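Presented below, as structure tokens, is a lone chain in the form predicted on its own.
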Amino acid sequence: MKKILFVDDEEGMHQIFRMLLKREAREGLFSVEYFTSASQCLAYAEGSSSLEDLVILTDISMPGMDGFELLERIREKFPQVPVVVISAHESDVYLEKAKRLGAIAYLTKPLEIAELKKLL
């Protein structure tokens, strides 16, 4: 079963994500762990016994460590873990940076449910 690590400092985004993927999570297609900071997510990943089924979805703009720094650190330590960047910024600069750092996708808020489900 896939385990999604969802990182966003806005609690409202956690609630939206839960609602968008309620059926899939209920059917056991994957489980989700929610984090309000990139450092929490990184610590969780570092303590995980299995990274094979891990997928990280991260916001960019967060206090402390931002999503780009999280992406860099994940790539250094766990290059096989797919990372999807989620942002309200529809900027080519952000998109290019995310790709350069190794993100497998860049989604803009508000999230399109069909696109998100296809990715997962």
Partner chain sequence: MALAAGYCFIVTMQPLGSSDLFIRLRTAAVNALDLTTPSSGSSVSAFDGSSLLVTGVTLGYMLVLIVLSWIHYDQRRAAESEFQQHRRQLEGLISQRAEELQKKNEELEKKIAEIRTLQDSVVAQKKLASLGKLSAGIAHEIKNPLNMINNSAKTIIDFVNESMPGYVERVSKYLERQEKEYFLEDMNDIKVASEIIVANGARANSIINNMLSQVARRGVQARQVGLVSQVDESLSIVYHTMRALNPFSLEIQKEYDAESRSFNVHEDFGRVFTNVFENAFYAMKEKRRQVGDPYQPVLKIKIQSVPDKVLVLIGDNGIGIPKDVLENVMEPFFTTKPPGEGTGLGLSMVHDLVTANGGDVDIVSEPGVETTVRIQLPKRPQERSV
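Being a predicted model, the structure only gives us computed values, none of them experimental. Numbering follows the first chain given and starts at 1.
The discussion below concerns the form predicted together with its partner chain, not included here.
For the three marked residues, R73, K77 and E96, no heavy atom of any sits within 4.5 Å of its partner chain in the predicted bound form. With the partner left out here, its partner chain still marks one of 46-54, 65-73, 22-30, 78-86 in the predicted bound form; by a 4.5 Å heavy atom cut-off that stretch is 22-30. Taking the partner from the other structure, its partner chain in the predicted bound form has no heavy atom within 4.5 Å of any heavy atom of E112. Proximity of A105 to its partner chain in the predicted bound form: non-hydrogen atoms within 4.5 Å are absent; the residue sits far from the partner. Contact annotation: R100 falls outside 4.5 Å of its partner chain in the predicted bound form, judged by heavy atom distances. Residues of 8-22 that come within 4.5 Å of its partner chain in the predicted bound form, judged by any heavy atom, are D9, E10, G12, Q15, I16, R18, M19, K22 in sequence order.
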